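The chain that follows stands alone, in the form predicted on its own, written as structure tokens.
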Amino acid sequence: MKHRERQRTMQKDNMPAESTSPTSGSGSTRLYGIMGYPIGHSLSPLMHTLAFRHHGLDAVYVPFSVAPEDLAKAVAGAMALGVAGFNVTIPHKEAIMACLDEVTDEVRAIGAVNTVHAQDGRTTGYNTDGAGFLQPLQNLGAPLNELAVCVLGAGGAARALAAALLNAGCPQLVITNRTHARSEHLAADLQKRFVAVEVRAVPMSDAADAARQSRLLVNATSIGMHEGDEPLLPNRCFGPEQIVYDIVYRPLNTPFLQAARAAGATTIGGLDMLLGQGAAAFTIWTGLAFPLEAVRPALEARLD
């Protein structure tokens, strides 16, 4: 008896501080999740599980590791299992559009999805990345209608935040990406929508000059997430007159932000965007307000 008691105590002591397991597992438990590849780094399961608990919802949120070639099957399988909604992350934000029944006008304009809601057997794609990205800039009081912007990256997240910046009035936008054809394609798409502003693509060989001339510099790639990643830019690209924004949130203090801060730049980390886009997704699924002040400290503690 004492041996079994010690085993139970040891198991309890070894459990993570914030469990992301369902609280009831009843027949009415609603299932949510996130599709990506890889997906083990995501904080979305912790974030949304805490939000469900805050509101007393019988719901669970889990990560789905989905290889690109399996995306259509994964969406169909999720619907067959009755998944109520899910987020979408790298590398599926653009490809998933072809797997959904409908998308919003905003998604159609951006060309990327980060949130899917399932109702009555139909899937609808949304994009909450843009709103989540802008929130900390607005909190900072950044004069978006005066800022020349340089965006590093040309994937689904870059599409959403670039469109959000141009909608907010940014007068000039430069996009650079390691695959130059992708940045050219994105710049051309945006220029068609925003004819009154200058949108152009530059090759990575010219990225340092474009970055140094910008007032707002954004890393919309996953570079910096993994130890040993090569620096995106040399340190001379950063200066005290800049706002430097990294959408990577793990680690909180990326090498990109460290270099910018050392040069005197104002910096914004990816946790703010993660919370902003997640809050909007939570409301789409549940109709409830996201408990930001209850969730942020837990995410910061996990990242620390």
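Treat the numbers as computed from the prediction; the structure is a model and nothing was measured. Superpose the two forms; the largest set of C-alphas matching within 1.5 Å is the rigid core. The first residue of the sequence shown is number 1, and the count goes up from there.
Same protein, other form: the form predicted in complex with a small molecule, not shown, and the subject of what follows.
Heavy atom within 4.5 Å of the small molecule in the predicted bound form: which of C150, V113, A220, A162? It is A220 that has a heavy atom within 4.5 Å of the partner.
Of T179, Q119, N139, N145, the one that lies within 4.5 Å of the small molecule in the predicted bound form (heavy atoms): Selected option: T179.
Could you tell me if F238 has a non-hydrogen atom within 4.5 Å of the small molecule in the predicted bound form? F238 lies outside the contact set for the small molecule.
Taking the small molecule as it sits in the predicted bound form, is L257 near enough to touch it, meaning that at least one heavy atom pair lies within 4.5 angstroms? Judged by the heavy-atom cut-off of 4.5 Å, L257 is well away from the small molecule in the predicted bound form.
Answer yes if any heavy atom of Y249 is within 4.5 Å of a heavy atom of the small molecule in the predicted bound form; otherwise answer no. Although the small molecule is absent here, Y249 would touch it in the predicted bound form, with heavy atoms inside 4.5 Å.
The small molecule contact at I34 in the predicted bound form, heavy atom, 4.5 Å: No.
Location of the small molecule contact in the predicted bound form, chosen stretch of 75-83, 95-103, 179-187, 166-174 [non-hydrogen atom, 4.5 Å]: That would be stretch 179-187.
Looking at the small molecule in the predicted bound form, do all three of V60, P291 and V295 come within 4.5 Å of it through at least one heavy atom? Checking in the predicted bound form: none of V60, P291 and V295 is within 4.5 Å of the small molecule.
Using the core for the fit, does the CA position of R261 change by 2 Å or more between the shown form and the other one? Shift at R261: below 2 Å after core fit.
Under a superposition restricted to the rigid core, does R250 display a Cα displacement of 2 angstroms or more between the shown form and the other one? No; that C-alpha moves by less than 2 Å between the shown form and the other one.
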